[in-house]
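What follows is one chain in C-alpha cells, specifically the form predicted alone.
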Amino acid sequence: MASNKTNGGVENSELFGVPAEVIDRLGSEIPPGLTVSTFVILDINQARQFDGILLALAGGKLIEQHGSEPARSWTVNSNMALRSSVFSGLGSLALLKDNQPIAMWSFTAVKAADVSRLMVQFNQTAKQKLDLDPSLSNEAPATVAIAAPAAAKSLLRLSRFAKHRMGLVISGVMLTLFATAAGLIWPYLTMPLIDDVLIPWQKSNSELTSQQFFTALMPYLLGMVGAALVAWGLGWARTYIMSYLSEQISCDLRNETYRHLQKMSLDFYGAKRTGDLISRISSDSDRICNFLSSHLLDFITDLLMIVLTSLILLQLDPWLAIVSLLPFPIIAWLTHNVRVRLRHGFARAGHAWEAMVSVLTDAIPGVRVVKAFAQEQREVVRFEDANRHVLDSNIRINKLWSFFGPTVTVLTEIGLLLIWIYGAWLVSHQTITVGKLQLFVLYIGRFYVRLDSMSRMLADTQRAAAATFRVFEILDQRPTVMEPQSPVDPGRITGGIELRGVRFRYGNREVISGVDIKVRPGELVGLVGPSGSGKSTLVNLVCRFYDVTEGAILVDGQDIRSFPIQKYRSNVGIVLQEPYLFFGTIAENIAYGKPNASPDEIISAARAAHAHGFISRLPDGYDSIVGERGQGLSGGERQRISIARAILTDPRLLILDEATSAVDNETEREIQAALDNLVKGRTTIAIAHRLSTLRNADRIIVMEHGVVVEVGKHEDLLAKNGVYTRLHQAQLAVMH
C-alpha cells in the first residue's frame, strides 16, 4: 500500500483516498505520525447556506475545520456517538455525549454516503474505547436517536408561544397556587374539630347543651364551607385562563406550522405524504391543546398539592410523615423507568396513525382510479394493514400501562395502610391525638390521590411530547430555496432569461448537465425532448422551485437567487398539464393569483381564455361551485380557467407545461386560441408534447439526457435529421 508524508510527517494513506488539501486544511490539529481514518466535506452550514465544512477522524479525535476559523476537535470516548437523519433532501449530523447533542452540522443528500462512512468509523472507535476500558462496561455508548428527545425538552419548546402572553401565564400559576392552598384549609380544620369539639362532647355529653355544642362546631363548619367556596372560585378562574391560554398557543402553533409549510421548497413535499402533514397540523396540535388545557393544569395542581402536603405533614409530625411517604420512592422509580418506554411507544403510534391517514388521503381523492381498475378490495386491505399497525402500537402501550396503573394504585393503598398502622400505635401511646391522625389520613389520602393522578398523567404527557416533537420536526426544517441575504427588488421584469452552465442534481443523480440558454424578452421558446430529458426540471429551476447545483440563472441580467422569492414569482405565470382548481367558485379560482380583482377583470380574463362561453351556460355562472380539484368540470374547461388565472395576473414570464397534451383536437384548438392571447408580449417557455403546437415558436430547444442537443425553428430542426426529427417521426407514426 503506497503512502506519502505531508504536514510534518502526517501519514496520508491512499487506502482512504485522503487528498493532500484535506491534510493541509487540518494543519497542526493532527500530531505527526497519525493517520486520517476518514473525512467528509459538508456542503452547507447550519443556516442552510452552501459552504465547505471539513470533518475528519484522526488519531481518536473528531476534527472540524471551517474556513479561516480556528479548528475544533473532540476526543472520542465510549459515551459519545454520531447520529444523522436525512429529511427531504437535507440531513442533520449530531455529535452526542451521554445522549445529549454537543455539536450539530447540516448537509445535503449528496453527502449522505460520506457522512454514513464517517459515522460508522466514529462509532466503531467509540466502541473500541469501551472495550479497552472494562471500568466503562456499564456505560453503553449513546444509542438514543435525535428523534426521541426527553418529554420535558419537547414540551418546553412550546414556551416560546407563551412569551408574549406572560400576564396570562403568571395569572394562571398564581391562581393555581392559591386554589391549591385554599383546598388544603378545610382538611386542616378537622384536627381542632375532632380534638377540641367532637371528642370533648363525647366525653362530657351531660355537661354541654346542644346549643353549646353547635356554637363550638359552627366556626369550623363555616371555615370549611368558606374554604371550599374560595377554592371553587379560584379553580374556575384558573381553569378558564389556562384553557384560554392553551387554545391561543395551539392556534399559534397551527398557524406557524402551516405558514412554515408554505415556505418550504417543493423537494420537502416530494419526501412527505399529504396524510402525514395533515395529521401533524390537525391531530398532533389537537393533542397538544388537550394536554395544555387540562392535563398540564392538573399536573401543576397535583405537583403543588404534593409539595404543600408534604411540607404540612413534615411540620406536624416528621416521623409519621416519613412512614406515610415510604412508597413514594418506589413510585418515582417506577415512573422514571416507564416514561421512556411510553415515549417511544407513542412515537411509534404517531407514525402508525399518520400512515393510516396517508392511506385515506391517497385513496379518497383517487377514488375514480380505484373504481376504474376495480381495486376497492386492495384499498380496503391497505387500510386494514395500516389500521392494524395502529392497533398493534396501541396494544403495546396498553400492555405497559395496564401493569403500571394498578401497581401505582396498590402502592398508594400501602401508604394509607402504613399511616393507619403506625398512627394507631402512636395514638395508643398518647403520642398524637385522634384529630392529628385523622388530619394525616386526609392529607396523605390527598397526597397519594394526586400522586396516582400524576402517574396516570404520564401517558398523556408522553403522548403530547411525541406530538410536539412531530410538529417541531416540521418547524425545524429549512427550505432548500432560501431568501437572499441582500435582496434585490426585481420590480416589473422585462423577461430576458439567461442560463449559464446550469447543473442540477436530485440527490446523487445529475438531471441537468451544463445547460447554456439565452431567451430574449418577449420570445416564445419551445422546450422538447424525450421523457426524462430534464424539461420540467429546467422550468422548475427558472421558476426557482429549486436552486441550481452549479451555474446561475439570470433574469434581466440579475441572478434570480438575489430576488425575494415572492416578488420574483409574482412576475411568473404557469399553466400546467394538469390544472389544479380549488374547491370554491369559478370566479374565486380565476382570481386566485389576484384576490382583489374586480368582476370585470375576471370576466375579461375569462373571455381572453375562451372560457366565458361555457361559464355563462352554467346555472350559477361565475358563482358556480367547482368540485374538489375541479372535478365538476371537463379537462378542457379546467385548463381554460387555469389560463384565465394566468392572464389575470399579467405575468412577464410565462411557463406552459404541456398545456394541451391531455385534451381532444377540438378542445386543443380552443385552448390554443386562448394560449395565443396569453403569450402576446410575454417571454414564454413552452414544454410541448405535441410538436405541432410549436410551429410558430421563435426557437425550439431540444433536450436529451439533461443537455441541450439542438436549437432552431421547426423546419430547420427537421432538416437536421437529428433528435427532433426522431421525435417528430415517432409522433406521426402514433397519429397514423
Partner chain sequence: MHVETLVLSVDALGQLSASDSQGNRFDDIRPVRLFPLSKPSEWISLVDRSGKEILCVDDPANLSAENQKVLASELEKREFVPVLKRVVWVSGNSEPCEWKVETDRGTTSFIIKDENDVRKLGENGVIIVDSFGIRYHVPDRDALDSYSRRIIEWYV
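Treat the numbers as computed from the prediction; the structure is a model and nothing was measured. Numbering follows the first chain given and starts at 1.
Keep in mind the form predicted in complex with the partner chain is missing from the figure; the text below concerns it.
**Prompt:** Is the partner chain close enough to E483, R544 and E550 in the predicted complex that each of the three has a heavy atom within 4.5 Å of it?
**Reply:** Judged in the predicted complex, none of E483, R544 and E550 sits within 4.5 Å of the partner chain.
**Message:** Quick check on this chain: which one of R72, R607, R446, R396 has a heavy atom within 4.5 Å of the partner chain in the predicted complex?
**Reply:** Contact with the partner chain in the predicted complex is made by R607 alone.
**Item:** I102, A424, V307, I625 - the one with a heavy atom within 4.5 Å of the partner chain in the predicted complex
**Value:** The residue in contact is I625.
**Asked** Tell me which of 437-445, 584-592, 285-293, 493-501 has residues with heavy atoms within 4.5 angstroms of the partner chain in the predicted complex?
**Response** Stretch with heavy atoms near the partner: 584-592.
**Message:** Residue-level contact is defined here as any heavy atom of the residue lying within 4.5 Å of the partner chain in the predicted complex; does G557 satisfy this criterion?
**Reply:** No, no contact at 4.5 Å.
**Asked** So in the predicted complex, does R617 come within 4.5 Å of the partner chain, heavy atom to heavy atom?
**Response** Flag for R617 set to yes.
**Asked** Would I603 sit within 4.5 Å of the partner chain in the predicted complex, counting heavy atoms only?
**Response** Result yes; I603 sits at the interface with the partner chain in the predicted complex.
**Request:** Answer yes if any heavy atom of P487 is within 4.5 Å of a heavy atom of the partner chain in the predicted complex; otherwise answer no.
**Result:** Taking the distances in the predicted complex, the answer for P487 is no, it never comes within 4.5 Å of the partner chain.
**Request:** At a 4.5 angstroms cut-off on non-hydrogen atoms, which residues of 711-730 are near the partner chain in the predicted complex? List them in order.
**Result:** Contacting residues: none.
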